[in-house]
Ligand code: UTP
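The chain below stands alone, shown as structure tokens; this is the form predicted alone.
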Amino acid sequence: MPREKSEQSNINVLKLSGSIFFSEGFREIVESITRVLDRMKKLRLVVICGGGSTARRYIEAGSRLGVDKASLDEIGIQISRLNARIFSLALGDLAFEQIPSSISQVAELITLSSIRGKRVVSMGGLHPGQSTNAVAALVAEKVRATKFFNLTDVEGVYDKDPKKFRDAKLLRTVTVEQLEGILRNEAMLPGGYDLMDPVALRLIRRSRINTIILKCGGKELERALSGRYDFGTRIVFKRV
């Protein structure tokens, strides 16, 4: 059954890799989003920020001390929300200052965006055991996003790990079932879920969310938000 179109104007959801924070590419991402929003007046964004290497360092330190995994997840969530706060500040008046801590708060801010003149909702994780990829897919489902862009540290989905295999082939399209097979050995551990995880994939499949996986770079993001995503990997669905 096709998903209903949003009654709101064009809404895109971005999952922003935590690796971009404190890197030279961070300013480029902010500037690219600013330029796109200046051109596309009806576009609104929900940006879910990962915790990145900072979260992983805290998680590793806690793990060595024997901290339970639920608490480690909570630490990762706190770091991702700090990244979201930095991101909202970098966007200035374009973004809400509030960092949502629930899915209902996200929906409320999106509803208020036209009234308050804000175009971006920035957020981090929500619950222990739930990756920011899953949060992004859940948000895309809730706000009936036109597109969900999952920005990672690789060009898209490969048939095998490109960091380990030189002959890894970039896939332009992939079904949910294929992606599940590729990611089957992905460890569901605090600080993990770099590309996608089973929960996110289930959400994408059940609501047939228009999902594109691409490299987390300013030029790539600007082209994608402008509708020119002839790169990266698109998730496609089997006909029912």
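Start at 1 and count along the sequence shown; that's the residue number. Computed from a predicted model, the values in this text were never measured in an experiment.
Heads up, the form predicted in complex with the ligand isn't pictured, but that's what we're talking about next.
Residue heavy atoms within 4.5 Å of the ligand in the predicted complex occur in exactly one stretch of 100-108, 84-92, 163-171, 121-129, and that stretch is 121-129. Using a 4.5 Å cutoff between non-hydrogen atoms, Glu155 does not count as a contact of the ligand in the predicted complex. The ligand is not drawn, but in the predicted complex it has a heavy atom within 4.5 Å of Val135.
Heavy atoms of Val47 never reach within 4.5 Å of the ligand in the predicted complex, leaving it off the interface. Of the heavy atoms in Arg56, some are within 4.5 Å of the ligand in the predicted complex.
Of all the residues from 159-178, none has a non-hydrogen atom no more than 4.5 Å from the ligand in the predicted complex.
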